[in-house]
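Here you get one chain, nothing else, as structure tokens; it is the form predicted on its own.
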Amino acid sequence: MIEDCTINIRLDASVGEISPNIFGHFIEHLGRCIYPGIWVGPNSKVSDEYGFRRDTVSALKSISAPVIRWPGGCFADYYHWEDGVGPRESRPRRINVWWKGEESNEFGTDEFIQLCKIVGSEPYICVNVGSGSPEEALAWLEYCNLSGNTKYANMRINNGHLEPYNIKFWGVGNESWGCGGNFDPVYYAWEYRRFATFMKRVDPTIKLIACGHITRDWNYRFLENLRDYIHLIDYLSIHYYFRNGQRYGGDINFTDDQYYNLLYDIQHLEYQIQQAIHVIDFFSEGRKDIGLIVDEWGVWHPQATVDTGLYQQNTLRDALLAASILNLFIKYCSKVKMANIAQAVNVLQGVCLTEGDKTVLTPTYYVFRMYKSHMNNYALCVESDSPIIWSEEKELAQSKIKLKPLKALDVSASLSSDKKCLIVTVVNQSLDKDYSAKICTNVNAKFLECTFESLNANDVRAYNDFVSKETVKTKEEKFSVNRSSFEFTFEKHSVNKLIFKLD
């Protein structure tokens, strides 16, 4: 059964420019993410000349990964960067406090920057606040960004890297309210001010990211204690994981109700984004434009434990979640300036999985490959109407605001800077119905031709593995339109992208 819907795109109403960085990624020394998901050493049969897995690098390049966050995560606040530079055979082995096992330090700062250069990504480094010091952070900054005859600039040069790396993004700690030191917001504000004062002094061009939170009044109390030093903050970050096995089920085995619960609860993330933006604007309005970063996000299934290296399978359901969340970031792109899915390889909602010399691309990978078409475009206001497919009598405890019923179609749209190309991404979240939607604009524009790409499979529980690598994949077709409105049918549980050339 096909039911009718409408998608009205306002070509004259831009939400803001879509930063490529909202399609960012995150890697941590956790499980099999770095070793062997990224780094296998130059002598491996699957490595390039630098020691990176060729297939992983290829995957990240093909989705135009714009920014990569490293080294954590919880790992960051126990990581001492000097352990990971210089001859690899001389680097000390350390315990991995949070994720068990040992850390070889084969993959360090220089390797990370080389990876970013090959992929074409902007590096984002998170400094150690929990067990580190401003002195250590400044030394790291000097090593990466400064030239001249100084100790750590010379150390970089002696390690074979003559030119400064000029790293722009620096996070001051990670989850300082938890594994980053269990600080309260007032104490973290003092620590942040201390680190930021010196880091900005050494390199005023860098952008600093402060740790925000999604519980109680952390963001308010933190910013209140920095209200006279708001110039030291460029971004506030929050983390959000969909982590509730009882409500969402497992990575592969879940009920239809649990499927809908997961997509329905995206509204919790939207609420946290709204609250963070409200607090940021309250303390910074008229003084400084502070952006919001969601630098860890994704679904965390019960199968992902410390003992399994936070490994989980990724199904079509996870891809639908990722697409709807990217639609959400596009909606708030005027304030959300970066987001980093956790994590790129072998951990949580990865875009690829590795096993020996084999690599498989997950359904989430295909979403990122589809959505890169939005990068640097202008997000547009979209008015869409489709049937309700899921609803609960449920309230957010923090606000007593009822969640809205879940509609079948979740839509975002963007316009290229030359106004000749319209990108429309549509997620049909229904498990059992195809929906036909009339797509039109509010101005006298004509669709000339369309390229259509869709991600789907026979079952929403389908996934790609090392035996069947293309169970979930995209299909593409092109056709002429030559009219001012267009009707298209979106299959059940699918992610869709339409690229229209406009008159």
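Since the structure is predicted, the reported quantities are computational estimates derived from the model, not experimental observations. Numbers for residues come from their place in the sequence shown, where the first is 1.
The same protein also exists as the form predicted in complex with ligand AHR; that form is not shown, yet it is the one meant from here on.
Visitor: Heavy atoms, 4.5 Å, ligand AHR in the model of the complex: which of 336-344, 375-383, 316-324, 82-90 makes the cut? Say which one.
Guide: Within 4.5 Å of the partner lies stretch 336-344.
Visitor: Contact between residue 254 and ligand AHR in the model of the complex at 4.5 Å, heavy atoms?
Guide: Result no; residue 254 lies far from ligand AHR in the model of the complex.
Visitor: With a 4.5 Å heavy atom cut-off, would you call residue 424 a contact of ligand AHR in the model of the complex?
Guide: Close contact is absent here: in the model of the complex, residue 424 is far from ligand AHR, nothing within 4.5 Å, heavy atoms only.
Visitor: Does the 4.5 Å heavy atom contact test between residue 348 and ligand AHR in the model of the complex come out positive?
Guide: Residue 348 belongs to the contact set for ligand AHR.
Visitor: Contact between residue 412 and ligand AHR in the model of the complex at 4.5 Å, heavy atoms?
Guide: Residue 412 lies outside the contact set for ligand AHR.
Visitor: Report the residue, out of 429, 174, 237, 364, that has at least one non-hydrogen atom within 4.5 angstroms of ligand AHR in the model of the complex.
Guide: Among 429, 174, 237, 364, a heavy atom within 4.5 Å of ligand AHR in the model of the complex occurs only for 174.
Visitor: Would you kindly say which of 328, 137, 74, 279 lies with a heavy atom within 4.5 Å of ligand AHR in the model of the complex?
Guide: Going through each option in turn, the one that passes is 74.
Visitor: Taking heavy atoms and a 4.5 Å limit, what residues of 92-106 are near ligand AHR in the model of the complex?
Guide: Sequence-ordered list has one entry, 99.
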